[in-house]
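In the form predicted on its own, a lone chain appears below as structure tokens.
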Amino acid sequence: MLRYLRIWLAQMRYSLAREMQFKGNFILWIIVELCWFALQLAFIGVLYFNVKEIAGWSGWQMVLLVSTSHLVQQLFQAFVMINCMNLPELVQTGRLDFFLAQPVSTRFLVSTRAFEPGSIVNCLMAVIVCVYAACKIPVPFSPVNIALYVFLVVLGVVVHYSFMMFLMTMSFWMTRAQGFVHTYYNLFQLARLPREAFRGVVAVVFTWAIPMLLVANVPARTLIDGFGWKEAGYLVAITVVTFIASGRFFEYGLKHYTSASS
């Protein structure tokens, strides 16, 4: 584990040095993401201008939900998404050979090769809004409650990573697997909506089959109402299952990899 940690930190230092070579892009990315976050919060303000609750969520509870969703999204983009998106290119160009030749897990190298430091700044802004909204509700702050919230946020990131890895592994058989990214990103936007606002088949699919409605709803509800065993327990279970399954599927895909020269 210490060896993998050292490798990961070395890759983070390299990514940071590379990003700092293009400071304009680094700053512009932060501004764009902050503007998007501000628009989401402004939209909530408009929605709650004449109503007190939507699907059982008050205005400040909705702000907490949206900021939690934004936190999960930015963590996902910072450490995972950029690496998953690069997998099809590695397969098509044959550069994946370099990773296969290393004496460590190929999945680990592919998944941690780069990160986006700009998203870390946006994570901090999401945390600030989360804390402010939680104080306005208010929520019963306690070390246990906060620890559970952080734990569930991390689980949300892992769930997104697992599903994205499933989709990007298709690049071993397809030449345009990048198209899945746009579809998944649209599904990602469901995470900032209250689960109670959905009914019927849609609610079942995006809660239990593809748990987009759990990755932000469960951490936010845990902070507001305390730990709920049913949904939080299912989030833990689905995280473990999808993480292991995506790894097995990636290993299966590697068996069909023939490199760019064969």
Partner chain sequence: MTAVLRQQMTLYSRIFSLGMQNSLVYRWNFLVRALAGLVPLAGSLFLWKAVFSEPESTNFSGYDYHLMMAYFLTLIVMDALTSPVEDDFAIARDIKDGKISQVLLKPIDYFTYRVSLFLASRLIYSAVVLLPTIAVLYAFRHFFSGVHVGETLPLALVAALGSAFLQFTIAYASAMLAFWLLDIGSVVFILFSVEYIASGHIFPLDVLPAPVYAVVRLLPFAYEYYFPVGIFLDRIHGAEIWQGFLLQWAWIAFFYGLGLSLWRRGLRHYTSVGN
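These figures come from a predicted structure and were not determined experimentally. Numbering follows the first chain given and starts at 1.
The next section is about a form of this same protein that is not shown, the form predicted in complex with the partner chain.
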Consider the chain as shown here, without its partner, and state which of 227, 234, 60, 198 has a heavy atom within 4.5 Å of the partner chain in the predicted complex.
198
Option touching the partner chain, based on a heavy atom within 4.5 Å in the predicted complex, out of 187, 131, 154, 147:
187
Kindly confirm or deny that 82, 104 and 256 each have some heavy atom within 4.5 angstroms of the partner chain in the predicted complex.
no
Do residue 166 and the partner chain come within 4.5 Å of each other in the predicted complex, heavy atoms counted?
no
Give a yes/no on whether residue 208 approaches the partner chain to within 4.5 Å in the predicted complex, heavy atoms considered.
no
Heavy atom to heavy atom, is residue 180 within 4.5 Å of the partner chain in the predicted complex?
yes
Can you tell me which bits of 24-55 touch the partner chain in the predicted complex, meaning any heavy atom within 4.5 Å?
25, 28, 29, 31, 32, 35, 36, 39, 42, 43, 46, 47, 49, 50, 51, 52, 53, 54, 55
